[in-house]
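Here you get one chain, nothing else, as structure tokens; it is the form predicted on its own.
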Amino acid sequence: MGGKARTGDLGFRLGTGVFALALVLLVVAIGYELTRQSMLSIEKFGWNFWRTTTWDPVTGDFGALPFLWGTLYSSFLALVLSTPVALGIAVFISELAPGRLRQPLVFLTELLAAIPSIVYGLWGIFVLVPVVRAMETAAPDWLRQIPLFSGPPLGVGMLAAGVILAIMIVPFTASVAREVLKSVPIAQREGAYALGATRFEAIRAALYYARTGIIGAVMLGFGRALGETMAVTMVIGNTPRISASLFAPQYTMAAVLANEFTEADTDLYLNALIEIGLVLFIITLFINGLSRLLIWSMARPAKALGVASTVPAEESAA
């Protein structure tokens, strides 16, 4: 009986291991195919593809620097706008919210993550873009002389894209940060209270203990922002240019793929677009992998201690 059980356990382990290995093979296959399909562009342009700004399908001259700039600019802007909000939500839900309010807030946070990006894009067109346009037209002339705030009062542009991305990544960052805070050992909070700390100081101590995992949560949101397509495409203006202005229409790597892939009428044009997809794939893979490593490094010490903190210290004492 014991031999049959061990054989069954081994078969189950091997079977599930095959499924896990299939995920690795799938990622490798995607990377290989993207590389193979972009070789014509890689061989012709080399590193100049990412250092030049001309994007002219008619003459076959392709430079992807404006798309790389727009992707990083919009993602960092979204990160700056979303991080304080997401951390505030995570701290309130995990540390301060009454028991009756905690689960509804968790549900609403997760609901925001489930809304399709096309819906965010429609909201951006009909609500956010007019608000941004009104801000631009109401801005004083001296402010619009500053490069950061210059540009035509169109409403579509980098600021609209950054705000829409910030709204979309808040639930991801908040959910992961909340789980990270739950993994802080309760002894950390109890020790702070024993030393006479206020509740705010105890929360600050928990945040300091969880800082590595919180950074991982923020980076996970950043990785989500890098690959967002439809909502950004609808509000960023889709102009291949490099500008520091928040109001100037610009472009992202995901947006150019969505807009121009079906229009690629030559092999070189198609290969150039696939190379953009390859680099976006590599960047997203790297950012998400690094963020997961940071979160796991936070979770391991708590598991080693054999403790878990799912409620604030005061509630556990009650």
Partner chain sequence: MKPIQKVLATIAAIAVMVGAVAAQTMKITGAGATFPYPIYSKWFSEYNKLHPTVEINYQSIGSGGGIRQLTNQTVFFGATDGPMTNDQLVAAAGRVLHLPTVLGGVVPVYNIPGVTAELKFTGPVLANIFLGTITKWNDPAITALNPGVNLPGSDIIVAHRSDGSGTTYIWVDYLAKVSPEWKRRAGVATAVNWPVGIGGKGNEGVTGLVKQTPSSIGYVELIYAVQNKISYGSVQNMAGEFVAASLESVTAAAAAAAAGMPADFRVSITNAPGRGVYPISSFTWLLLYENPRDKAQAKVMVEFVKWALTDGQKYAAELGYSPLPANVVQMEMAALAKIKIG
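This structure is a prediction, so every number in the text was calculated from the model and none was measured. Positions refer to the first chain, counted from 1.
Just so it is clear, the following notes concern the form predicted together with its partner chain, a form of the same protein that is not shown.
Heavy atoms within 4.5 Å of its partner chain in the predicted bound form map, among the stretches 173-181, 122-130, 109-117, 93-101, onto 122-130 alone. A heavy atom within 4.5 Å of its partner chain in the predicted bound form is found for exactly one of F281, W69, F45, Y269: Y269.
This chain appears without its partner; in the predicted bound form, the one residue of V85, A244, L154, A139 with a heavy atom within 4.5 Å of its partner chain is L154. Although the partner is absent here, M230 lies within 4.5 Å of its partner chain in the predicted bound form, judged by heavy atoms.
Put simply, T212 is far from its partner chain in the predicted bound form: not one heavy atom of it is within 4.5 Å. Taking the partner from the other structure, its partner chain in the predicted bound form has no heavy atom within 4.5 Å of any heavy atom of E33.
Contact annotation: W50 falls outside 4.5 Å of its partner chain in the predicted bound form, judged by heavy atom distances. Annotation for 258-293: interface residues with its partner chain in the predicted bound form are A258, N259, E260, F261, T262, E263, A264, D265, Y269, L270 [heavy atom within 4.5 Å].
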